[in-house]
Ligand SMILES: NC(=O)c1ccc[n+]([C@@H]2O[C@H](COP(=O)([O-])OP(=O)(O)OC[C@H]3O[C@@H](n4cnc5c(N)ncnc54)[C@H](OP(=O)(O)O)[C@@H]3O)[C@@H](O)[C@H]2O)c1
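Just one chain follows, in the form predicted alone, and it is written as structure tokens.
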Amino acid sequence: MDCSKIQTPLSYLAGKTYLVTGASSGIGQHLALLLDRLGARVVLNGRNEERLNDTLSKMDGKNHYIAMADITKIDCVNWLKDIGTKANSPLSGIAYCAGVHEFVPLRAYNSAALSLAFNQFTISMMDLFMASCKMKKADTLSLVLMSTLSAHQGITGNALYGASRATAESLCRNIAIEFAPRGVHCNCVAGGYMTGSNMTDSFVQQLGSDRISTIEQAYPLGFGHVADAAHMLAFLLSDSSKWITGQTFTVDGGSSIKGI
């Protein structure tokens, strides 16, 4: 094998076009900035135009653009067609980082809250991913989903949030199987507590700094930062991971493997 021809993750991403949902803040924003530095073209999606413009202003590349939309309320097929026309380039991947979080203890459960959790995340993710699979034009298509430890652990107040992500992960595994013959690979990242987002700032306000300090003790490597998840997402978008599909990767500083 001629080692001089081995490509790096950077060369795999450069020149390709990727859609990042939730690009206005947190993990989505950091992923967009990372893809920009790696030479990729990024389509920025979110619901807040001002914050999307803030993300765009921090990017060095000149070919990125904003595709503002609430994915829960659009026709994903027509929307992706419009993106393809404007980009004049096939999408090589989608990173689904959108979503909202609310603490809902099960004692306050009602079916409307459950429906909202699934509509805001799982159904919209599936609509977008399925539309992209059916419309795939690039040689390969990388789909990555930002999930959470709550999909795998019982965490007070996170039942509905975790259930929606667990279902989404299951759907991604089936996308991986059914669309593999078409060159689609689909993976998930289950993240632990990470600083650097509006979501984690709200956790501090809701739980208090003392409770947050107690939670941090369960993380052998301490709390991470949203950039840590962004690096894993970028790897899974790239062709460096082209023989990996249907997997969920845990990025949590070791908290899920810590014993008593």
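Small disclaimer: the values here were computed from a predicted structure and weren't measured. Residue numbers here begin at 1 and follow the sequence given.
The form predicted together with this ligand exists for this protein as well; it is not shown, and the discussion that follows is about that form.
Only one segment in the set 107-115, 128-136, 82-90, 145-153 has residues whose heavy atoms sit within 4.5 Å of this ligand in the predicted bound form; it is 145-153. For the chain shown alone, I27 is a contact residue for this ligand in the predicted bound form, at least one non-hydrogen atom being within 4.5 angstroms. Contact check for F235: every heavy atom lies farther than 4.5 Å from this ligand in the predicted bound form. The closest non-hydrogen atom of M194 lies within 4.5 Å of this ligand in the predicted bound form. For A69, a non-hydrogen atom is located within 4.5 Å of this ligand in the predicted bound form, even though that partner is not displayed. Contact with this ligand in the predicted bound form, judged by any heavy atom within 4.5 Å, is made by just one of V184, I94, A168, A98: A98. Contacts between stretch 22-50 and this ligand, counted in the predicted bound form as any heavy atom lying within 4.5 Å, involve G22, A23, S24, S25, G26, I27, G28, N45, G46, R47, N48, listed in sequence order.
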